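Presented below, as structure tokens, is a lone chain in the form predicted on its own.
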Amino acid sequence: MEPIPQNGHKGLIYLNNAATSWPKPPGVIAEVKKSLQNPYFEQGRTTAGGAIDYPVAARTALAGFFCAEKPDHIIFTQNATDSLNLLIHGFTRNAPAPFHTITTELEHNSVLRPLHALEMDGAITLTTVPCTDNRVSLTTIKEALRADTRLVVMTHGSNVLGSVQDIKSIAEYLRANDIFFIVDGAQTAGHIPIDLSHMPVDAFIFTGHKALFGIPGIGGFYLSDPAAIAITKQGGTGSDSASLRHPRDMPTRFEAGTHNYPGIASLYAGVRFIEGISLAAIERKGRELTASFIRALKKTDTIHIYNESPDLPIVSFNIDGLDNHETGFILARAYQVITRTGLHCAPLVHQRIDGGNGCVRASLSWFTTPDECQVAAEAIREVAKECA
């Protein structure tokens, strides 16, 4: 097991891992450095010199990690937002328009904004279903279905409430009814087991810079049926270069231009780091720290927690009588506790839980310590008492 990295900022408690995990494992930093020091291994290039073929190595690692049958069906993108845009717009271009789409009020703007843009253009009609007790049920999805429903896009884990959705049962029902299902796994990949061999989604999105411990600027998706998604980018691939038509084979079908080799290297190393610890250990520690943190916050009754039993290490709260942005500012300046404030790019769930005003979000990682949780909780309680 790699040692816990020293963050280099004495006293700083970083609780914004649902946005970007920090610090990064030493092995990730070392692999990124190695990828920059060595010549890139690319198809049709003569500069390989024994260097690691990071795209192939990372695809293989991710396929094993997600229990995905075909490594070449893992596509690298810039991040989850890039993946969602490619898939949503690519599916819409291939499908007979207009058609009906379903999403949920738990979604990030990476889902909501592309769908809203397509709705405004008249390409789709859109139903946004509500959540109950922090979750969206299969029954709710069924009730929203129409004869022309072709697409469902939803999150696996809420970035505000930390609730994991029952994707498997929804996926099985939608597959049986020939409805394309895109799942946003930006918050779950690296926190909980994801077995795509038993969860029949059509596309699963991941990002590298959160719980997979990669650097910003790398993400991707797994796609079951490439023919369902239109090619929306064309360019150089290093293969079939005599043709002016972009290749149709995977993974070059959806990848154009030079890869983000340092980002892919970080993703490769991040998956290896997680497997070295075990995902079970990461999940267990996350649940224990989160439960302890919530118990500490509940000692002060002016702290309102929006989900007291999250599945992910995400705790969203507000202090009665204090604006969430002001709470975050005080925590950062007076206590060196870094959280996230505002709407967290998920405006619809905030309309339900806090009237659209936003909240403070504390999100933990494998590198968060019990002492940091205790100190952070005491800081939040002190701020609450000062405002009482």
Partner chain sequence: MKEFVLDEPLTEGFLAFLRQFGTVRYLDTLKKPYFSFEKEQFISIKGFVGDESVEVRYNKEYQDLLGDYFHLLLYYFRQGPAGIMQLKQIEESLNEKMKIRQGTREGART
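The structure displayed is predicted, hence computed values, not measured ones. Positions refer to the first chain, counted from 1.
Separately, the form predicted together with the partner chain exists; it is not shown, and the next lines address it.
Only one of the listed residues (321, 39, 356, 64) places a non-hydrogen atom within 4.5 angstroms of the partner chain in the model of the complex, and that residue is 321. Just one of 57, 32, 330, 346 comes within 4.5 Å of the partner chain in the model of the complex, counting any heavy atom, and that one is 330. Relative to the partner chain in the model of the complex, residues 95, 97 and 180 are all farther than 4.5 Å at every heavy atom. Residue contact check for residue 53: none of its heavy atoms lie within 4.5 Å of the partner chain in the model of the complex. At the 4.5 Å threshold, heavy atoms of residue 325 reach the partner chain in the model of the complex. Exactly one of the stretches 332-340, 357-365, 22-30, 65-73 approaches the partner chain in the model of the complex with heavy atoms within 4.5 Å, and it is 332-340.
Taking the partner chain as it sits in the model of the complex, the stretch 368-388 comes within 4.5 angstroms of it through a non-hydrogen atom at 382, 383, 386, 387.
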